[in-house]
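This document starts with one chain, in the form predicted alone, laid out as structure tokens.
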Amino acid sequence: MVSWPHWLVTIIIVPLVGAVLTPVVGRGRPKVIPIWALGIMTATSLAALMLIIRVAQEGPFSYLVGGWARPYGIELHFDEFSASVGIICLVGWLALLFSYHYVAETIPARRVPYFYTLVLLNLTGMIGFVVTGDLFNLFVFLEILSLSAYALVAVSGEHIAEMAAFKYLVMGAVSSIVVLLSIGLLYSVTGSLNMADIASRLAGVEQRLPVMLALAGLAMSFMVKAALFPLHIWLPDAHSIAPSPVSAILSGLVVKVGVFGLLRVYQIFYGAGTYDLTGLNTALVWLGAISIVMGAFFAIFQEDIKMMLAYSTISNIGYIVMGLGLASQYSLIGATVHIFNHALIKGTLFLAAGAIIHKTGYRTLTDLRGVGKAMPVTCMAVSIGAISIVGIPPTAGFLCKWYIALGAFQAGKPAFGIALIFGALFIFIYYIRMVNSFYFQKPTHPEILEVGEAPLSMLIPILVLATLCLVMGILGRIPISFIEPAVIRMLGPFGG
């Protein structure tokens, strides 16, 4: 069953068809829509599991759509990096379960079918993005996930949400245009859109200027998508104002698409073997270090808990990007594993924050004083997410950050470990503020003590993700061992 050849295309077709049919299935039967969406993601998750098992057993493999070989046909490629479809499906499924009660009570009824359609489209775009083997379809899937993300930010219909979505759209549209132009430049000099084929042809390209312009354009565009400081200006409003399950998807998954795009760019140019990436690496290391510090610094001064979490995302993207830029084996392993682990952590924190806001009606630290006594289970999950994102052992946040720090020494740049330390200190400060407010301060609103826990459909996803924040720290060697062969293959002779 694991070797069935069509699993790879199935994980794209199932959620795409499911998204298209959602309004039809739910017409006149609104209560069926959440169950339908969960069923679609369950089937997609099964296919993703089969693919992950296969790549663990056999290594990378491809699927030629229609049987047409590259460079003319569409190739889907699955390697260890593509196993991120597993975390996409997991967080997506849990966000949909969380949405069962949340959406019914916070989003106008007429918009509910479109909410689930957009979530499924967004997950389809992300899955397609990480498994496609050619650059044009990379762009197509990028647009699917981007357009659906813009709409999801605005789906509540509130004016402030629509303004946040518009800012997100403007930044995203500009970066998408640059991605398309950069792909066009690479096609003009290589005559191919297939990533592996481009890598093999780049070595023979004499016109280096178009290639370097394409590299710069792709890198800059993906940094915008990843919300790397100072290209982050769209993120705080979009992530904090969006419905909480959407915030969890945006922060845990969507911004990682930018990082994953950078990873694919590295695979192409390391594969070519004749291009010096020192300049790009240096830029990423410095921008990553600045993002770590500045994202955490701005988070310290936030009162709105979702805004605090949004700035925290910028900081943690900095860890990942710095790990890529250090370009050592340890740093790349740590950065890649942090892509997975950060999705678990941010899913925990945004869903827990959403449950708290949903039950209390408040969202600032001052207003939420004492909520830990009223919602102890949810606030416990917040605490687990907090110590994990700080990087305290044995949580999921520790091992990947430790590997990035080791990678700084391996790359001969130990000074950048200072950014890791400062970032961790800042993160510790603002999460201590949150925990202190929840547990140790007298309630500003005494009635908050009468609030109970959220419904089970909201509480279960929070607890599952919080548990995984601990489990993936204790069993951290498993993802590291899984991703290590892909990092070694990518670095090749450049490996440290």
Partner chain sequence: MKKLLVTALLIVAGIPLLLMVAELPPYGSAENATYTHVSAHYLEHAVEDAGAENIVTDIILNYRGFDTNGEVTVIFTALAAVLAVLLLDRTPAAAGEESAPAPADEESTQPVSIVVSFIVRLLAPFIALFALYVILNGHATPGGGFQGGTILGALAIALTVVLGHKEAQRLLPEGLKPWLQAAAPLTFIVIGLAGLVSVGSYLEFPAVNGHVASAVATFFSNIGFPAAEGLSWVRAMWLLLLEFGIGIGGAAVIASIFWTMEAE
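Residue numbers count along the first chain shown, from 1. Since we're looking at a predicted model, the values are computed, not measured.
Beyond what is shown, the protein has a form predicted together with the partner chain; the following relates to that form.
**Q** If you check 408, 280, 257, 118 against the partner chain in the predicted bound form, which one has a heavy atom within 4.5 Å?
**A** Flagged contact: 118.
**Q** Consider the chain as shown here, without its partner, and state which of 302, 244, 148, 329 has a heavy atom within 4.5 Å of the partner chain in the predicted bound form.
**A** Answer to the contact question: 148.
**Q** Please tell me whether the candidate spot formed by 17, 72 and 137 is one where all three residues come within 4.5 Å of the partner chain in the predicted bound form (heavy atoms).
**A** Contact check passed for all of 17, 72 and 137.
**Q** Determine whether any heavy atom of residue 361 comes within 4.5 Å of a heavy atom of the partner chain in the predicted bound form, and answer yes or no.
**A** Although the partner chain is absent here, residue 361 would stay clear of it in the predicted bound form, with no heavy atoms inside 4.5 Å.
**Q** Report whether the minimum heavy atom distance between residue 208 and the partner chain in the predicted bound form is within 4.5 Å.
**A** Close contact exists here: in the predicted bound form, residue 208 approaches the partner chain to within 4.5 Å, heavy atoms only.
**Q** Looking at the partner-bound form in the predicted bound form, is residue 67 within 4.5 Å of the partner chain by any heavy atom?
**A** Result yes; residue 67 sits at the interface with the partner chain in the predicted bound form.
**Q** Hey, in the predicted bound form, does residue 188 get a heavy atom within 4.5 angstroms of the partner chain?
**A** Yes, contact at 4.5 Å.
**Q** Heavy atoms, 4.5 Å, the partner chain in the predicted bound form: which of 330-338, 105-113, 347-355, 92-100 makes the cut? Say which one.
**A** Among the candidates, contact is made by 105-113.
**Q** In the predicted bound form, which residues of 9-24 put a heavy atom within 4.5 Å of the partner chain?
**A** Read in sequence order, the residues that approach the partner chain (within 4.5 Å, in the predicted bound form) are 9, 12, 13, 16, 17, 19, 20, 21, 23, 24.
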